[in-house]
Each structure stands twice: as structure tokens, then as C-alpha cells.
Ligand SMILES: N[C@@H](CCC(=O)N[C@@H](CS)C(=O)NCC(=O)O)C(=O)O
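Starting off, we have a lone chain in the form predicted on its own, written out as C-alpha cells.
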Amino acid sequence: MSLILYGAPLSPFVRKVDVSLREKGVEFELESVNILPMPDWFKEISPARRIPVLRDTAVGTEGRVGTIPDSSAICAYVEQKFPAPPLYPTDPYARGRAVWLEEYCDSDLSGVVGMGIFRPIQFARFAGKDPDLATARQNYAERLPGPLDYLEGELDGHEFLVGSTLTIADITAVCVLTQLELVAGPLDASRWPALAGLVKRLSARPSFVPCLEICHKIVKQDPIDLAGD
């Protein structure tokens, strides 16, 4: 086994790489890294101070050599090294759209879900405090609908975000939205039917199940209905 994925299963970015590797049938080792505080050896290979980092021991076993930080860079590397089955379209325009949607979900959507909803709830629990439901509810009501409306429009009733097969765009979107489900439950299928359907289908895929099972063991509390009073 030459690939080591450093990170934490609860991270949607780690989950994205985990799922991508499993979709391709690539063997890898997931080595958990506690980033609070981040160990010095990890800072050396993650200059942006973020997870995940991938190490390909066939390239290097110590220090920075053989490592790639950032989930998008890792997935691009994995696609080149293990091209089948492809997770990035071959058509130039479709590939561009898939990469754009990957970036959108990693930044705009993840910013709302992670910093605006997940952290106020789950990080407070980890610290032994009450969840900051006021902040989470405000972000759920005011900031989340915009990205969800956009992705619903991109699906436009189709099974996948780009083309007729699974791509990195779908994987990234669902990895972020399963993060939301952990603390706030499923999406409103009456408002975002295509997106809710995408999350439900992909969450049941063998590539998603192992990481999500770990996450549900970590987040033991029931989801909170943020849309309620």
C-alpha cells in the first residue's frame, strides 16, 4: 500500500478524497491527525495548516517529498495516477464545469455549512458547551438557501450535476451536504428534490458508507431541526 491519507474522517475534504479513492478501487491507509493542536510534523507537509494531505510512499516517505496537500490537488493527482473509472469528464467544457462546481462546493457551500452551521453546533459540543443554535439557525435560514438553490438549478432534475455519470462535482457536493445532515438532518426534499435525491443516492454508495459510519459514531447526538422554532 503506497498511499496514506492524513486527516480526520469528520472533515468533508478528507471525505472527498476518501470517497474518490474508494470509487477507483484504490487501496489506501487513513491516518487520523488531531489538528487541535496540529503536530509539528504535519505543519511541515501542510503549509496551509489544513487537512487532508496525501502521501505517496512510492515517491517519498519522509518530509514534504511524496506529499500533496489540499483535497482538490489530491483528487487531481489521483485522477492522473488512477484514471479508471474517471471522476473528471473528458469533454473540455464538461470538465471545466465539474472543476468549477467542485470549487464552489469546497468554498461557498462549505463555508456556510462548516463555519456557519456545523462548527457552532458540533465544535461547541466537543468543547462541552451548548450548541450556538442562534448562529446556526441564522446561517441555515439566510445563507444556506442560496447555494442550495444554485445546485438544484444545476441539477435541473437530472441525476448528476455534470453529464450522465458521477463526477468530482457530485462527490464534493454530497460530502459537504452530508456534513450538514450530521447536525441538521436531511435537506427539505420538497424545496430541493433533485439535490436531496443526489445526497440520498450517493450516501448509500459503498464508497461513502465507511467514512459516514465513522462520522455517525463521532457525532452521537440527534440532528437538530434548524428550520423549526
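Sequential numbering from 1, following the sequence displayed. Everything numeric in this text was worked out from a predicted model, so none of it was measured.
The next section is about a form of this same protein that is not shown, the form predicted together with the named molecule.
Quick one: Leu3, Phe28 and Gly66 and the named molecule in the model of the complex, is every residue within 4.5 Å by at least one heavy atom?
Zero of three within 4.5 Å in the model of the complex.
Exactly one of Arg143, Lys81, Arg95, Arg119 has a non-hydrogen atom within 4.5 Å of the named molecule in the model of the complex; which residue is it?
Checked against the cut-off, the match is Arg119.
Just to confirm the contact call: exactly one of 199 to 207, 183 to 191, 57 to 65, 42 to 50 touches the named molecule in the model of the complex at a 4.5 Å heavy atom cutoff, so which is it?
Among the listed stretches, the partner-contacting one is 42 to 50.
Proximity of Ser72 to the named molecule in the model of the complex, heavy atoms at 4.5 Å:
Flag for Ser72 set to yes.
4.5 Å heavy atom contact, Ser11 and the named molecule in the model of the complex:
Because a heavy atom of Ser11 falls inside 4.5 Å of the named molecule in the model of the complex, the answer is yes.
Is there a heavy atom of Glu152 no more than 4.5 Å from a heavy atom of the named molecule in the model of the complex?
It does not: once the named molecule is placed as it appears in the model of the complex, Glu152 has no heavy atom within 4.5 Å of it.
Taking the named molecule as it sits in the model of the complex, which residues of 83 to 107 have a non-hydrogen atom within 4.5 Å of it? Please list them.
Contacts from 83 to 107: just Asp106.
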